[in-house]
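Shown below, as structure tokens, is a lone chain in the form predicted alone; questions about how it binds or moves come after it.
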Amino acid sequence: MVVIHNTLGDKKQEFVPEKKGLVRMYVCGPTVYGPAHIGHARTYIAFDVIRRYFEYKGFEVKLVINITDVHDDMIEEANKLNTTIFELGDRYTKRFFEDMKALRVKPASAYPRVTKEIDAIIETIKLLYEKGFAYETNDGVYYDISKFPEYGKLSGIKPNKSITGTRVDTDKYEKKKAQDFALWKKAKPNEPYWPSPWGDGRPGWHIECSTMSTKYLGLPIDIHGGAVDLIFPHHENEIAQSEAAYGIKPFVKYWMHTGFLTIRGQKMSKSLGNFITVPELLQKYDARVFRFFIVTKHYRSQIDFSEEAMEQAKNSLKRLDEFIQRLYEVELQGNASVVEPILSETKVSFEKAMDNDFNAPAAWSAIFKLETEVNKLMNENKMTREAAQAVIEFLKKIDSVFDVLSFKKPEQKLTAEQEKLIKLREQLRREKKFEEADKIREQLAQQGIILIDTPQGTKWRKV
């Protein structure tokens, strides 16, 4: 049984999908006027793990991520660069896909783009207009939130004159009340537009997700996700639009939100000079290390990015990589019974943690406990080749959720000079010339050869 913290109601609930065996998930996608930043990456990696865990549990997952390719920010950036939103959108959509692939985020089932869904969006606005939830002004069509008494049920924020309900400057738009938000914006000079019953124009920001989520997933949607800053106004407005237009409550059964990512305790901001895009991140850090940094944290927690945090993630991942390499090197033959209790206990602990609102830190605690216990068996020469292989296969299954471990087999080949040094060191140890033997150990370590002294003789592995 998987339990999810539902933002709607702010409580944990047992996950019961609308259709048995199928999880229908919608995650708000990027506005493609520039490269994604590492805060975006945190959200998409977190939901990738959630998606993968459902698949680990045997569910089929249908995941939809939208691409916002018409927006005030896009128009401003396109005009600044003397290009079109269409060229800009194509360029950064491609960049987004490349970045997600580098971060090992599995492709979604669909990536609907706003500019390709204009007709469907207009039909949703028509429904709201015909049902009395929308009104037309000289500059657009607006949603009248006074007609939706439950407005605020997701965020707990109730309308007042200081809340505008949008992330763009609203003073330039004509509407009855400050809290009302645009469904359709009538065309202005040097802006892209499409024909509609209310004149040429383009969609507002919020209406796109109501339309595309329901078009591609149906109603009600099982899970709708995004970063915590989307709770209000974006997701609040989605609920108001969707439940008013389609008459189905709840529009979404489980709302899930990822926590903020800060940079050394500060909010990421271009003005502070700490704004890091994914391409910039990947120039400096290994993508697998960054993914490990993210997947070991709880998706709802605020996490702080720093060079020290990345170094710690790098070292922890190296520890696991070296552990797996040791497993490949076990030579003693026998059955796998020595590790069966450890694997059984780890599986129970791992699934208990992940079933509890995807508690990744607890899940990784179980994995590192396994690493400690199995390493002890190897140090005591109690591991068999069959047991080592069982551990490797178990870790591969677990890693289908996180996708951060390396299962590349070590190259089992030394140069003639390295073999000669190892034999010389063994001779020196027999002669109790330990200082000279240690110098050879250090020499080989500099070449990436780690020596392990066992009762059966000296073993080695490459790092």
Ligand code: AMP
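Predicted model only: the values in this text are computed from it and were never measured. Numbering starts at 1 and runs along the sequence shown.
Below, we turn to the form predicted in complex with this ligand, even though it does not appear here.
*Asks:* Can you pick the stretch from 414-422, 391-399, 30-38, 48-56 whose heavy atoms fall within 4.5 Å of this ligand in the predicted bound form?
*Replies:* Of the options, only 30-38 has residues within 4.5 Å of the partner.
*Asks:* Would Y44 show up as a contact with this ligand in the predicted bound form if we use heavy atoms at 4.5 Å?
*Replies:* Yes.
*Asks:* Would A227 count as a contact of this ligand in the predicted bound form, using a 4.5 angstroms cut-off between non-hydrogen atoms?
*Replies:* Yes.
*Asks:* Applying a 4.5 Å heavy atom distance criterion, does L261 contact this ligand in the predicted bound form?
*Replies:* Within the cut-off, so yes.
*Asks:* How about L272: is it within 4.5 Å of this ligand in the predicted bound form, going by heavy atoms?
*Replies:* Contact with this ligand, no.
*Asks:* Taking this ligand in the predicted bound form as the reference, which of A120, L81, M268, A178 has a non-hydrogen atom within 4.5 Å?
*Replies:* Only one listed residue qualifies here, and that residue is M268.
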